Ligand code: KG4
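Listed next as structure tokens is one chain, alone, in the form predicted alone.
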């Protein structure tokens, strides 16, 4: 089975082809330069850019893969969560293509696809725990199978990735700031007492990073530094105090994630593996801490390669291929789901 995946949930336009569990080709057009002018994603601009990119990207994918449209057996597309306008462009493109080719169409949960992406490189042993850490979401799941996810914890306000980007903006970094903040943190000295571990003095698995963001902003605003370097585009021009702030903030976020994941593992005693996914999964300290946690417990950590951590179409095509083997599909009345609404389990499947 050859599955085409389409991703347009935020500001990355991407398409990919997966055949029998193997990635054949993938293409992507980033909008980061457009949105960097505004310090964050502008939804209307994002949807317009998707509309402009998807057609040429499809032609490029066909040329790169050596395939023709009639070779495609299934069209899978991210239906949500995400920016409604952006999602509608991708879903509309996918529906039209599937209708024109006379093949099945499938809408996927973008968050679940992030976690399943690890299966492109290593076998996922179920049941397992899934930690999704991205710009819009910080969730913990119990994963029973490629089609069965139980949400154990979620972000109540700012997600971890959103906190990284907002703190990066406060500290004068160009958007998106997460990668540069991670680089600066690796060169800084951690003061573990400088910033709080947010929302851990409870017994649940939910997250809240808005208070941590406020704590960092307040700390920076009252320090006697004359000014922050703006715009900061590389680590070489950053002063040591800025690197130390980044290191302490990074530690506070990662330590919070570790506390919640360890709490979840203590409750899910039949689970011995952790899947880490999402854009923040590329964070150096987070990867190291999760690897250390699983080694201490005699378990294993699965993390996709960095290219599969950020929004991409390979994860959509792979998840579509997994479910397509069981005949899963939607009709063309399938609804697109923006961020903030639950995605219904409304696939039509022969068996899962």
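Numbering follows the first chain given and starts at 1. Every value quoted in this text rests on a predicted model; they were computed, and no experiment measured them.
A second form of this protein, the form predicted in complex with the ligand, is not displayed here; the remarks below concern that form.
Engineer: Would you kindly say which of 146, 94, 107, 176 lies with a heavy atom within 4.5 Å of the ligand in the model of the complex?
Structural biologist: So the residue touching the ligand in the model of the complex, by this definition, is 176.
Engineer: Scan 271, 282, 84, 152 and let me know which has any heavy atom within 4.5 Å of the ligand in the model of the complex.
Structural biologist: Spelling it out, the residue with a heavy atom inside the cut-off is 282.
Engineer: Using a 4.5 Å heavy atom cut-off, indicate which stretch of 47 to 55, 62 to 70, 310 to 318, 291 to 299 touches the ligand in the model of the complex.
Structural biologist: Stretch 310 to 318 is the one.
Engineer: Please determine whether residue 168 contacts the ligand in the model of the complex, using a 4.5 Å cut-off between heavy atoms.
Structural biologist: Output for residue 168 is no: heavy atoms all beyond 4.5 Å of the ligand.
Engineer: Taking the ligand as it sits in the model of the complex, is residue 162 near enough to touch it, meaning that at least one heavy atom pair lies within 4.5 angstroms?
Structural biologist: Answer yes; at least one heavy atom of residue 162 falls within 4.5 Å of the ligand in the model of the complex.
Engineer: Does the ligand get within 4.5 angstroms of any non-hydrogen atom of residue 90 in the model of the complex?
Structural biologist: Because no heavy atom of residue 90 falls inside 4.5 Å of the ligand in the model of the complex, the answer is no.
Engineer: Going by a heavy atom distance of 4.5 Å, is residue 278 a contact of the ligand in the model of the complex?
Structural biologist: Result yes; residue 278 sits at the interface with the ligand in the model of the complex.
Engineer: Sequence order please: the residues of 101 to 140 with a heavy atom within 4.5 Å of the ligand in the model of the complex.
Structural biologist: Stretch hits, in order: 110, 114, 134, 135, 136.
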